[in-house]
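In the form predicted alone, a lone chain appears below as structure tokens.
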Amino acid sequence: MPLVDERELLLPALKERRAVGAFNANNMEMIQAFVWAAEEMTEELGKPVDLIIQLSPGASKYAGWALGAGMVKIVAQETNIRIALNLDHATKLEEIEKALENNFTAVLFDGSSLPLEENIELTRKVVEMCHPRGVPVEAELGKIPKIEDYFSKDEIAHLRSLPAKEAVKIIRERAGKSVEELMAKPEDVEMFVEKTGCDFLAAAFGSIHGIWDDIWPVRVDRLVEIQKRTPLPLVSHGSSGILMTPKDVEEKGIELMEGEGTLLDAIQTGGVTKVNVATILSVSFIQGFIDAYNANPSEKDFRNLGKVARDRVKEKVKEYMRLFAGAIS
């Protein structure tokens, strides 16, 4: 079927207190993995599983804007899964225009690095560009930092080798106060939404971009306060690194502080309706490719390695889809 308006996916999900996965693609194999995961989960759950495929400006430039969007349009035509195509983390108006030219069905404008008034002004311009063409706009309030803002590449490699409990302790010590200060302020929410006219809100509630596995707790208490101030679907960024369920908290031995919770808590109690997942999918693809090569270093056919990587991504996406549908507790 043709690509769908992202509002058609998120507004019903908000009412039903479930989430829709928004997965970042960097190549053909990842796009296939997302669609096949949604098809298999639709059969497993016995109900439709919707899908948002995201292309960042970087991925769009890497593939070419027309080719990147074109691959998503083709797979959408060949499946019964409802698919929206979202531009992820645009920071320039020219990137928004490119997305509109290539028929994206949603955009995220990320003005979080700007002063609040400038973020509002530019987000409003994006809304004025997109709404006449029927394209909804996601906006970002507060700032979601990157793990690289706090640790060097060597330090991150070391953190990845540690048990989750130890890694979280180190991240808390170095980044915790900063992450707290960067979160969205509930008192800014109503004004921001009213002045920008955005359709979805990515309000920072303690996540960090680029964490390689689901180990990091988020501030569900802040999220609940934000939800009280807007009826819009809320968006979770940096979701690869967020602890998925209370069971994971227990199994990984991570102690939650007051007000903290998991991705499941964020969906069920905090209004999170769109969940962006990127880093863990890239890691899964890379590791699958490496494992396939190590198992058969004489392999000359790239496709045989890509199949393993693609399947690894598909299975990881299915884990998230079960969570978003409420099939994991």
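When you see a residue number, it is the position in the sequence shown, counting from 1. All values reported here derive from a predicted model rather than from experimental measurement.
The same protein also has a form predicted in complex with a small molecule, omitted here; what follows describes it.
Asks: Verify the contact flag for Q54: yes if a non-hydrogen atom of it lies within 4.5 Å of a non-hydrogen atom of the small molecule in the predicted bound form, no if not.
Replies: Q54: yes, in contact with the small molecule in the predicted bound form.
Asks: Is there a non-hydrogen atom of A106 within 4.5 angstroms of a non-hydrogen atom of the small molecule in the predicted bound form?
Replies: No, no contact at 4.5 Å.
Asks: Decide whether R82 counts as a contact residue for the small molecule in the predicted bound form under a heavy atom distance cut-off of 4.5 Å.
Replies: No, no contact at 4.5 Å.
Asks: Is T262 one of the residues lying within 4.5 Å of the small molecule in the predicted bound form, judged by heavy atom distances?
Replies: No, T262 sits far enough from the small molecule in the predicted bound form that none of its heavy atoms falls within 4.5 Å.
Asks: So in the predicted bound form, are H89, G210 and T279 all sitting within 4.5 Å of the small molecule, heavy atoms only?
Replies: Answer is yes for this spot.
Asks: Counting any heavy atom within 4.5 Å as contact, can you tell me which stretch out of 113-121, 246-254, 71-79, 202-210 lines the small molecule in the predicted bound form?
Replies: So the stretch in question is 202-210.
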